[in-house]
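Taking the form predicted alone, here's one chain by itself in structure tokens.
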Amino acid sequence: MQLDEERLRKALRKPAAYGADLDLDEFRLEPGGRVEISEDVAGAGVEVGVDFGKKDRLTTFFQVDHEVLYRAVQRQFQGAVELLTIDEALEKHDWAREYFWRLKSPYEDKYTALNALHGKGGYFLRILEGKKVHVPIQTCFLTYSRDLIQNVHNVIIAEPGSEAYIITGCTAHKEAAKGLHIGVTEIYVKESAKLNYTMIHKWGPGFHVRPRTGILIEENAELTYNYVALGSVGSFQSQPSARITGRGGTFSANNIVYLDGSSDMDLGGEAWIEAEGGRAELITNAVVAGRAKLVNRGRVVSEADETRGHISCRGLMLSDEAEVSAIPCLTSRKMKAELTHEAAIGKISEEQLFYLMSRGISREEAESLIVRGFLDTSSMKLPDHLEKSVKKIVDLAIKGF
């Protein structure tokens, strides 16, 4: 895609459609210096599901600020996976440029425009045709320098008949008390491919996050798109958009959120079902504490027969100062489409507490058990070892809520 620089500079003044607006001049484009993988840097990765102690056995990509510190495909996956930096991909493959800015417009808002003008880093990941990789591919983005804009662009291609699990951790080091993460991600799931893409985010009260994600799902392809957000964030705004263009394509988006402090999160998702037999499901389970504010938006549009779509939003409030809004939207343009939604917001049930306490469990332990049960990971369709890891991360994040 040929970019219009003048139009991009005009778009730098365009706020996002939803969520808190930011003054980009409060942040800087360049980091303070080079970062090595020290013990505390590696530890920050583990907190979001990326274990660098196992990097010699896993296909791994690790970027700190603007610099890729580690990138490797293990020998057993060579010929099945191609993992490159963005610059390497554009230099190696003439056709790779066709996959950039195809699913997201660089003129959408100030964040995409800034990414198009000043983006640095990100990965190009390709699972080759017919290859099945069931050991997780792990990627991690860490912001280390204070006030920095980490501004990355990722492209993922699951070629026809391929299968893979990707786990991505994004976080900020304690040194980066304030910052902005912009991540443009374009995901292509081709005919009969199956991809499970799981993100785990843990930021901080002074951090702002603006993911921009476009997804294309072809015939009989399947994408399970999982997002886990834990703890505090200054502000967050995201609305990944999926198009199901092939017959029998399936999109399942699962958000698990534990939000506290004074966090401001506008979390959305939309699915456009353009082909017969397409399926889309948008599920959010959120626990909101402190003075945190969550707006959850979901939209499913059906433009073909024999399609199904469902939106579910459940919010559990732990504080009278918290706020949760659920905004589901369904649009059908065909009589044979079936679209449904459900939303529920409430507090911890006294009946559930009484039941657990009557069996000798303290009130604090009972409340903790209910919160953990509410943040159920079963819909994420993870293999057992990955599901156990994600559950452990969630448990540690909400310990002693």
Partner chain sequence: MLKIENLHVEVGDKLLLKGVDLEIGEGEIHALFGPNASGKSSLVMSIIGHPNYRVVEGKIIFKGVDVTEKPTYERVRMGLGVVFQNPPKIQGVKLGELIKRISKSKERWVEVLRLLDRLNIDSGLLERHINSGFSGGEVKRCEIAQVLAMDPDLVILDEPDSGVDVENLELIGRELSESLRGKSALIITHHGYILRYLKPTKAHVMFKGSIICDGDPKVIFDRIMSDGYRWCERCSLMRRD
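Treat the numbers as computed from the prediction; the structure is a model and nothing was measured. Positions refer to the first chain, counted from 1.
Keep in mind that the form predicted in complex with the partner chain is missing from the display, and what follows is about it.
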Determine whether any heavy atom of S332 comes within 4.5 Å of a heavy atom of the partner chain in the predicted complex, and answer yes or no. no
Please determine whether F374 contacts the partner chain in the predicted complex, using a 4.5 Å cut-off between heavy atoms. yes
Test of understanding: in the predicted complex, would R314 fall inside 4.5 Å of the partner chain by heavy atoms? yes
Even though the partner isn't displayed, in the predicted complex is L339 close enough to the partner chain, meaning a heavy atom within 4.5 Å? no
Tell me, out of I345, M357, I348, L69, which residue has a non-hydrogen atom within 4.5 angstroms of the partner chain in the predicted complex. M357
Taking T85, A96 and S105 as a possible spot, do all three reach the partner chain in the predicted complex with a heavy atom inside 4.5 Å? no
